[in-house]
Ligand SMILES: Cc1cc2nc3c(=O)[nH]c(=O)nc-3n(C[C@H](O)[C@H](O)[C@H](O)COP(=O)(O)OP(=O)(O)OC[C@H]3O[C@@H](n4cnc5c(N)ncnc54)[C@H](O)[C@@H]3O)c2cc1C
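A single chain, nothing else alongside it, follows as C-alpha cells in the form predicted on its own.
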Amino acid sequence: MTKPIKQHLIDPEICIRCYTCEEACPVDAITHNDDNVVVDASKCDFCMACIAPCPTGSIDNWRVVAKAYSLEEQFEWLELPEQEALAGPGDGGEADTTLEALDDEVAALLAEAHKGAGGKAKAPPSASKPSINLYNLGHPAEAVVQGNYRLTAEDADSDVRHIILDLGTQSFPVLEGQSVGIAPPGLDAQGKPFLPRLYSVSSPRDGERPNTNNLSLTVKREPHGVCSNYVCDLERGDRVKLTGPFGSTFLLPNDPQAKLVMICTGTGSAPFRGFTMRRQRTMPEIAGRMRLFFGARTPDALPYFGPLKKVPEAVLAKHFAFSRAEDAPKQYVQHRLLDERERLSALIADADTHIYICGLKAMEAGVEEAFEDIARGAGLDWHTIRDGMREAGRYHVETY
C-alpha cells in the first residue's frame, strides 16, 4: 500500500480570493481559476510562507490522504472534503490521520508522548481549531526573552524556570496545551545542527497578560540537557528561534460544562497553568469544575506552588503529593487520587469529565492502577470507561 501523505488545502468556503497566498508562495504551488484558489501537492514543500499573509485562515487546512487531490478536483469544490478513513498498513486497521505536526520527527515525538492514552488521541469536540507548523526550521519565528524567573527555591534540588518570550509583531497563534520547538545553537557530536526540543506552552492563548503577544515556557535544568540548559541560561533581551506550534489533541474544551481533572508532575504543570488561566479569564463564574493533582519531591521543588496556592479552591481544587517532604510519609499523585476516590468515581462516570495527564512517563502505571481501583470500587470497568473517554476526546496523556 502507498504510504499516506499530508496535503495542504485551502478552504473554499472561507477563502475571499485575495490571492495573497499565491503571491507569497516561493515555489508557485498555489494557483486559481474563476472559482477556487488551490494548492498543487506536487510542488508544495510546506515552507509556510503563504500562511501569515492569509487574512481569513482559509489557507491553514491539511488532510492525510492515500492519493493527493488533483488541481481539477480542488477547482470543483464548494467545501473541503472530510478527512477520509484510511486503512492501516498491513492489518486493515485505521491509519492515524491526526496531524499533530507536519514534520515527521516532531509528529513521532508527540505520538510517543500520547502513547499512554492507550489509543488514538482526539481533541475535545468543543476545542478551538489549532494551527500547527506555522514556523519550521527553514522559516522559524524569532522571539525576544522578556523574562527568566526561577520557580523553585534556591536550595531546592531542581532548577525550574519560567521563561517569557515576546513575539513582537509576529503572528504565532498558539492554544493552551500546544508545544513549541527550540533548537540550541551549535553542532552536535556528529557535527550536525541540534534537533529542536519540544516545550509545552504554559501561558494562555492571549499571553501572560490579556492581549499581550507573548508566551511562556516551564523548563527544568538537566545535568546533560543541551537545549534545556540553553533555555534556562537565556537572559532578558536574548533572541530565540521558535518552531511550531505543534499538537492538535491535548487541548482545552471550550464547553463551560466541562469538568477538568488534571494530573501532573514537575514541568508537566505547564499546560495546566495555561488551562487554568484561560478558564479564569473566559469563564470566571464557573466554579467547582477544575481539579489538579500535582506531585513533586518537596513543596519548594513544585513549580508555581505560590501562585497555585492563591487560586481559590472554588475555582481550582488542589491536591498536592510530596514524595520527600520532611516528617511525612512518601506520597505520589496516585495516592492522592485514591484519597479522592469518592469524588473521582462520580467524575469518571460523568460525560462532562475530561482527564489530562502530563509529566514523567513513570507516573503512568501508578495513575492507571489508581483509576482501575477507583472504578472497581464503584462497580465500573476502568478500561471501558477510559477507551470511551479517549474516543470522545475526553482522555489525554502527554508524558515523556
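One-based numbering along the sequence shown. Every value quoted in this text rests on a predicted model; they were computed, and no experiment measured them.
Form predicted together with this ligand: not shown, discussed below.
Handout entry: 4.5 Å heavy atom contact, residue 200 and this ligand in the predicted complex
Key = It does: once this ligand is placed as it appears in the predicted complex, residue 200 has a heavy atom within 4.5 Å of it.
Exercise for the section: Consider residue 314 of the chain shown here, and say whether it contacts this ligand in the predicted complex, taking contact as heavy atoms within 4.5 Å. Expected result: Although this ligand is absent here, residue 314 would stay clear of it in the predicted complex, with no heavy atoms inside 4.5 Å.
Practice task
State yes or no: in the predicted complex, is some non-hydrogen atom of residue 302 no more than 4.5 angstroms from a non-hydrogen atom of this ligand?
Solution key: No - in the predicted complex, heavy atoms of residue 302 and this ligand never come within 4.5 Å of each other.
Problem - Touches this ligand in the predicted complex: residue 328 (any heavy atom, 4.5 Å) - result: The answer is no: residue 328 has no heavy atom within 4.5 Å of this ligand.
Practice task
Find the only residue in 188, 233, 73, 222 having a heavy atom within 4.5 Å of this ligand in the predicted complex.
Solution key: None of the other options qualify; the answer is 222.
Practice task
Using heavy atoms only and a 4.5 Å cut-off, determine which of 323, 228, 98, 146 is in contact with this ligand in the predicted complex.
Solution key: The residue from 323, 228, 98, 146 that makes the contact is 228.
Problem - Which of 164 to 172, 106 to 114, 257 to 265, 305 to 313 sits within 4.5 Å of this ligand in the predicted complex, heavy atom basis - result: In short, 106 to 114.
Handout entry: Partner contacts in the predicted complex for 338 to 374 (non-hydrogen atom within 4.5 angstroms of this ligand)
Key = If the 4.5 Å heavy-atom criterion is applied to this ligand in the predicted complex, 338 to 374 yields nothing.
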